[in-house]
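First, one chain by itself in structure tokens, the form predicted alone.
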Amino acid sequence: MAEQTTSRRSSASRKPKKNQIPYGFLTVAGIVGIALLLNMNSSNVAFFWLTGAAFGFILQKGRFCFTASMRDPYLTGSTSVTRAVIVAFAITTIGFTAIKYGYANAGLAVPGMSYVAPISFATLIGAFIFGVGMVIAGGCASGTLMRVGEGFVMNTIAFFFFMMGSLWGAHDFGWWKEHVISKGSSVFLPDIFGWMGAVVLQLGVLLILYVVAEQYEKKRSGSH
């Protein structure tokens, strides 16, 4: 009887959840309305607004975060996000290679070549700082933006310093490029292994990483 009374009291004390559907419709209507206003000045800005909102929704619902892909295997033993990132890399490898090969085969300038940056000591420094920072902040750039939208105070603070760090980095980038980055060597796999060889090599490495991640999760789950 005492347990039943306690159960009834706890049920009565619980407030019924508010219906969130009207807020959802209002949010979508607001997004579409802003897109229409932006389209009056620039269709590109309106497109970026809609795709940004769509990506934010997908990230929030999928809890997709590069930080989690590196962190979860050590903390929980789960590699589901890790394997999802590997699959995403495999798909983009095929897609972007097809685009670049099409341009190269047509004798046109291959798009995106400006992003083939030299590998130098700056790469190690930047990777270390970014890795430490995103673990402490609890999210990478996309994860931080997503959680700012969810109202997390810690990620709002992290986002502020993210912007400060980006401005500082942009201010000092010229020095790093002249004294450190330019001393390194650029590596574009199709120049070394050919287009097909580069794709096979990268997909092979991703496949190995996928299998290792899967076996790691099975080993961790079996040890508990």
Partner chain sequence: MENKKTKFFDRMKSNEYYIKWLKNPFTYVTAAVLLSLFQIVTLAVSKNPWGVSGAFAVWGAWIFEAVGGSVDKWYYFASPGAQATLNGGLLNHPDSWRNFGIIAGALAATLLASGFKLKKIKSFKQVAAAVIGGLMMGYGARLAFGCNIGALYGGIASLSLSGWVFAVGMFLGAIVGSKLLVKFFM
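Numbering follows the first chain given and starts at 1. Just so you know, these numbers come straight off a predicted model, no measurement behind them. Note that the rigid core is defined as the largest set of C-alphas that superpose within 1.5 Å between two forms.
As for the form predicted in complex with the partner chain, it is not shown, yet the points below apply to it.
Engineer: Answer yes if any heavy atom of residue 171 is within 4.5 Å of a heavy atom of the partner chain in the predicted complex; otherwise answer no.
Structural biologist: Yes - in the predicted complex, heavy atoms of residue 171 and the partner chain come within 4.5 Å of each other.
Engineer: Residue-level question: is residue 75 within 4.5 Å of the partner chain in the predicted complex, judged on heavy atoms?
Structural biologist: Residue 75: yes, in contact with the partner chain in the predicted complex.
Engineer: Do residue 215 and the partner chain come within 4.5 Å of each other in the predicted complex, heavy atoms counted?
Structural biologist: Taking the distances in the predicted complex, the answer for residue 215 is no, it never comes within 4.5 Å of the partner chain.
Engineer: Quick one: does residue 165 come within 4.5 Å of the partner chain in the predicted complex, counting heavy atoms only?
Structural biologist: It does: once the partner chain is placed as it appears in the predicted complex, residue 165 has a heavy atom within 4.5 Å of it.
Engineer: Across 112-148, which residues bring a heavy atom to within 4.5 Å of the partner chain in the predicted complex?
Structural biologist: The stretch touches the partner through 112, 114, 115, 116, 117, 118, 119, 122, 123, 124, 125, 126, 127, 128, 129, 130, 131, 132, 133, 134, 135, 136, 137, 139, 140, 141, 142, 144, 145, 146, 148.
Engineer: Would residue 158 count as moving between the shown form and the other one, using a Cα shift of 2 angstroms or more after superposing the core as the test?
Structural biologist: Not so; residue 158 is displaced by less than 2 Å.
Engineer: Verify the C-alpha shift of residue 176 between the shown form and the other one: is it 2 Å or more after superposing the core?
Structural biologist: Superposed on the core, residue 176 moves its C-alpha 2 Å or more between the shown form and the other one.
Engineer: Does the distance between the two CA positions of residue 30 reach 2 Å or more between the shown form and the other one, the core being superposed?
Structural biologist: Indeed, residue 30 is displaced by 2 Å or more.
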